[in-house]
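Given as structure tokens, the chain that follows is alone and in the form predicted on its own.
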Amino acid sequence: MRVNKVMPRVLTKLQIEQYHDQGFICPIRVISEQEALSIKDELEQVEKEFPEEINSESRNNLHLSFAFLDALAHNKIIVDAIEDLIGPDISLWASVMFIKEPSSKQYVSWHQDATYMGLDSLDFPTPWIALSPSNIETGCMTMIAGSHKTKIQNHEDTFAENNILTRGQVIQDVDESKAVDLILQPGEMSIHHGAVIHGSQPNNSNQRRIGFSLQSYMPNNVKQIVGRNFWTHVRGQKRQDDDGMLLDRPRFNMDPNTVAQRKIANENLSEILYKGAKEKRNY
């Protein structure tokens, strides 16, 4: 899905080439560090106020419940960067809040995002925005450069206790000599390809590692073939899916309309991600 633009909006031509060649770009400044830490503070406030809405088992599609996360999903720098990669018609499939508590054993095994997403394409970008420092000590993401150019690898469902992934899915025999750590300061993002192999290690620091993953932005020609088409319209021409729904934007935190839509979207997402699995987790 190469989009030829004479003048990219945010990304340099070198960054666009790196994305296509290596499967990721990093780092890109989206908001100031102060703004990122302010969003982190607001996130931790709603965790206290609405513990049933946002917790370790309720982390998907929080942009439908909280207006400040919806605003981040529509951030102009993020969306401009995505337009540089996929063109002007943009919809958001889902979002995931990844939080690793201090000195925790939680990790993410080697995997490819597109494996269980039930789409008719593997070619789409995912921004991951750091709301706290993401480095080797805190358990940053690590990418296997160029691995998006191969087909989807065999994933083994482990449901391992400390594996953050829904199914604890893991790819064996990964060539770790091609591993690249994505170091991000608060307010910076990386963008990675739907088929690139990646994972992350535990957080060995004394602070939370918080990342907001916009997984993923798609052009209108990518379709859901497992489950229904639920999308948040972001830019350009709106999608027309016979079996789907365009989700609304929350007018304020805990907008009853979008909170209800989030429940429906998450039920659909669960059916997609767990298709064929022998068991289900609570997230």
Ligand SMILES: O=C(O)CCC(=O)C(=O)O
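From 1 onward, residues are counted along the sequence shown. Here the structure is a predicted model, which means the values were calculated and not measured.
There is also a form predicted in complex with the ligand; it is not shown, and the following applies to it.
At least one heavy atom of Asp113 is located within 4.5 Å of the ligand in the predicted complex. At a distance threshold of 4.5 angstroms between non-hydrogen atoms, Val108 is in contact with the ligand in the predicted complex. Heavy atoms of Trp128 reach within 4.5 Å of the ligand in the predicted complex, making it an interface residue. The closest non-hydrogen atom of Ser213 lies within 4.5 Å of the ligand in the predicted complex. In the predicted complex, no residue of the candidate spot (Leu62, Trp231 and Arg262) has a heavy atom lying within 4.5 Å of the ligand. Stretch 96-104 is the contacting one of 96-104, 148-156, 170-178, 72-80, since its residues have non-hydrogen atoms within 4.5 Å of the ligand in the predicted complex. Interface residue among Ser132, Ser200, Thr166, Ser91 relative to the ligand in the predicted complex, by the heavy atom within 4.5 Å criterion: Ser200.
Contact annotation: of the candidates Leu119, Ile86, Met141, Ala195, the single residue with a non-hydrogen atom within 4.5 angstroms of the ligand in the predicted complex is Met141.
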